[in-house]
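Take a look at this single chain in structure tokens; it is the form predicted alone.
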């Protein structure tokens, strides 16, 4: 082993690095806890823990600069430090099996958190009684969709992620006979009919609206600051121009606040355009059979929310019913369905749909660490009792 390699091994296996990383972790948790007041839980997770560096704008500019290590960087170095220490300083011995098990459990926990941070996805599934859906919707991501309605048997949908619209760069897709050119983008905005604006509202204070098609010319755009409240959701608005071979087809105002897609015709085909919550389609459908909202006798205090659903595979291979209620989710094909919200007065239920490939790893890690600590404690207790017995005999 040459000197350079030896220096790397010594550095990554040193106890000083372990102490420094734990100190950085404490500082990161403290700063993130303070920032949660303004950013909310989701914002803090994205900025502090699901990043390699915590970024902040350079004073007086919009240039982001790293100010401290993020969760991914600290966690990655901790795992490397732990592995390097085992390879260089620890020997595989029965008397140290508890330490090995505990550390291996910690490594599994770090890997599980990384997998969860990278791959976990959360969706919502809103169903009215009797309604069936084979897709769920993202809590925070949105998409602009162009829907070709010309085929009576199916819709041909082209979905464009919100990030493309935010960059305001032209988008050309092979299935579209026209180009999509974002002209304006507001990450959070309120829209309303110009004819119903309260008296005294100056329309010149609204954002410029140069839409020419659909309902857009009759709407006013009021940009709002981004919300970091975990109980609220940002609703973006965009002005999108479609350009065909013969020129512009017009500019549409699109927003998730507009429930119905806006139809138009082009080249003898029927199209629709919409800005909606990002969808994930599945190979099974969920039907809400019945919802229940129980309260304690003599009060309006909720006692239980439950949804009776039928899950049907689209290929007909499975058809079963399941009751979803508090702490009793439905698990199916890698998805977990939780009871999230309910409005019994309007007859709809909202399920939270979670897909987490690493959901079992924290349980395995806790089991390994428990076994390791129990083994280590038992070994020390046995040695202590042996010494006491020997001292008593003497």
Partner chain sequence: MPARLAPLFLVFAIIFAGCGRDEVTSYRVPKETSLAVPGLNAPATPEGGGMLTWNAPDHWNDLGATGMRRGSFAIEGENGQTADLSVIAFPGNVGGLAANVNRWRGQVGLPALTSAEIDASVEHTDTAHFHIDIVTMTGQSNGEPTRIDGAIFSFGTESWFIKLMGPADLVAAENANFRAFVASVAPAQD
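Positions refer to the first chain, counted from 1. If you're wondering where the values come from, they're calculated on a predicted model, not measured in any experiment.
Just so you know, the form predicted together with its partner chain exists too; it's not on screen, but the next bit is about it.
Put simply, residue 277 is close to its partner chain in the predicted complex: some heavy atom of it is within 4.5 Å. Contact between residue 155 and its partner chain in the predicted complex is found at the 4.5 Å heavy atom cutoff. In the predicted complex, its partner chain sits within 4.5 Å of a heavy atom belonging to residue 143. In the predicted complex, residue 229 approaches its partner chain with a heavy atom inside 4.5 Å. Remark: none of the three candidate residues (38, 62 and 182) comes within 4.5 Å of its partner chain in the predicted complex, counting heavy atoms only. Site annotation in the predicted complex: the residue of 205, 87, 267, 260 reaching within 4.5 Å of its partner chain with a heavy atom is 260.
When its partner chain is considered in the predicted complex, only one residue from 244, 161, 117, 250 comes within 4.5 Å through any heavy atom, namely 161. Residues of just one listed stretch (319-327, 96-104, 125-133, 283-291) have heavy atoms within 4.5 Å of its partner chain in the predicted complex: 125-133. Shown here without its partner chain, the chain has 52, 53, 55 in 28-61 lying with a heavy atom within 4.5 Å of that partner in the predicted complex.
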